[in-house]
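Here you'll find one protein chain in two forms, each presented separately as structure tokens under the names structure 1 and structure 2.
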Structure 1
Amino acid sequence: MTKVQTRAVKKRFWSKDDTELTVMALPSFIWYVLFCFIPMFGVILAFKDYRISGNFFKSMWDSAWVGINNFKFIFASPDIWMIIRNTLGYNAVFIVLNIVVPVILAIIISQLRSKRMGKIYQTAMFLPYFLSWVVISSLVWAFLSYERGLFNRMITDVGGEAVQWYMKKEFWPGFLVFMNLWKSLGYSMVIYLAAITGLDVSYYEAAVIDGASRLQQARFITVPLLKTVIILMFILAVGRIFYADFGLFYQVPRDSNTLYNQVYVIDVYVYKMLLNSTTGMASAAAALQAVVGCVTILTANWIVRKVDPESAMM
């Protein structure tokens, strides 16, 4: 802070405007300190055996240093590799599907003859984006409940045997992928559609004169022109590959213990640890996620700057 100030003073003296603007920025600055910057230093919790002994600062100070023991514990458990595999695996599938499907659908919806119908479809498909995972969990329950769920009722109606959906391991990976797409499809389609409607009509006119088919137009004009947007969305998603959507993996499977091999991702793991008051391991896992997440985001941003400097964060 002092460095910034001295440099500024060289340029011009501190004015009344600066004071007033500082007063305006101050409440948010305090918010950032309390809710972002102090927790950042809380990362050292991961290297301590945290015990509460009075207020936060005293407990922090009094807790014994344990070096990297917390991390050793995590990596000693076989679960960690399963959790990392799940987090990366699901995210990889989500990233690919969340680009391929919405891009194709956005291209098709822009071709529909009736503009009004296109708008109606868009609005309908946008609905799941506005629902919380808790609400979605209750929607899913209406289908998958063992006793009353629609799926089991339909199965028993035709003489089949009811299925314990919330314990059926092989069902969940695919279903979670479906739910993720279901919730985000409308939203991502809108982003690509906004890019498509912004494209220059003359490209297509020229292509028609050259006798290009509709498929050729999509493949050789629309997709290449969307390339920057697609790459951008891709890299931004890759940057967050170590973060999972907690609600999807915790609320939708209703925290089913049988499924833990299928649904445990880093965020669920940290939450469960925190719940069991194993603060040491939880904070180590959270710190690991924060550091690796930071590295992936910076790398992603570095690549974005190479591809499209305008879109980089810095």
Structure 2
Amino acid sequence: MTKVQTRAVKKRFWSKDDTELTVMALPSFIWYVLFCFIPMFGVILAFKDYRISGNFFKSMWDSAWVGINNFKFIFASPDIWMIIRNTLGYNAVFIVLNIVVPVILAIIISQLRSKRMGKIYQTAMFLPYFLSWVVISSLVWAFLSYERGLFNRMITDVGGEAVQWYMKKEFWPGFLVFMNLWKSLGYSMVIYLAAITGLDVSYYEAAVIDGASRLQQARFITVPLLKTVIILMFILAVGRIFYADFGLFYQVPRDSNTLYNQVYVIDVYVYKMLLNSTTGMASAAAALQAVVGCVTILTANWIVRKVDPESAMM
């Protein structure tokens, strides 16, 4: 093989573009190794009665094996089915709303004549996504505080009686659903808006010639063309149906004991286990979340692949 042929082969296997892409991907790769792959080693704690006897690795080595006893304890807990019900129930509502509402808003914003106002609306709706739940819990407290909350001030100003919002169980499912939607709306909407921006405008031009209204264009052109993105977001959301946003269910209600039945989800349960120094049981619950999440995402993808192979994620 000549030198020219050798160089051609090398160029074919590795180029300058490959180097640039590798360098760009390196930070993400390091992040996943440090915070996703290495921590997976800790799943062994789910099968041990973890006791601190020195550093982490020594404690893990010295702790006694208990097999699946930690998992048995979880399902023997009298509250486990209430916890699972809350987790699955809230996530089912979150999945539906976080698909329907962002798609509708993305379509509306894409129809705005003023691109400047569209950017302003996008930024305003995207901003809550960057706020931590600690900050949001303080904002919620400013509205719902019994003594100084804005809602109670409005109620007392018209002659009503102040309400103990943090003691009213019936309001909190609605509050939690609203806060989740408000915080995640901007992120989901930007994804759908980016997909709409990439659609072929010739479809809309043909529809206008045929006399289609904006509503008909959205119904018969935009939504069908967004099907692949919607299904992808649905599959990813289903994969986390056994997870719950700890900040939403712990920080926002301020760990109110009165709201126990409304806010007690799996992630809060894991945190309570850690507070009680039952690390093995907390690890078992987290491992169970990971396994169920993997099963649900593979099941959802399998169903989608059977119905519409082109829309499947893998």
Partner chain sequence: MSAYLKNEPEGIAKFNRIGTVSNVLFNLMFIVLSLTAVLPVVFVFIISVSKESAIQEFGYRLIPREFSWAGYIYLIEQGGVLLRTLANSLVVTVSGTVIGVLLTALIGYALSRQDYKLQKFFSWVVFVPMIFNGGLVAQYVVNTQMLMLKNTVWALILPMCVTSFNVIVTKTFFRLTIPDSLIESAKIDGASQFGIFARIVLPLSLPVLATIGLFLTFAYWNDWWLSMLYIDDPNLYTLQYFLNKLMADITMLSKMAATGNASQLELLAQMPKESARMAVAMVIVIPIACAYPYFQKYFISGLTVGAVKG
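When a residue number appears, read it as a position in the sequence of structure 1, where counting begins at 1. Here, rigid core means the biggest group of C-alpha atoms that superpose within 1.5 Å across both forms. These figures come from a predicted structure and were not determined experimentally.
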property: Structure corresponding to the form predicted on its own; result: 2
property: Large Cα shift (2 Å or above) at residue 266 between the two structures, core-fitted; result: no
property: Core fit, then residue 250 C-alpha moves 2 Å or more between the two structures; result: no
property: Cα shift between the two structures at residue 50, which is computed once both forms share a superposed rigid core (Å); result: 3.6
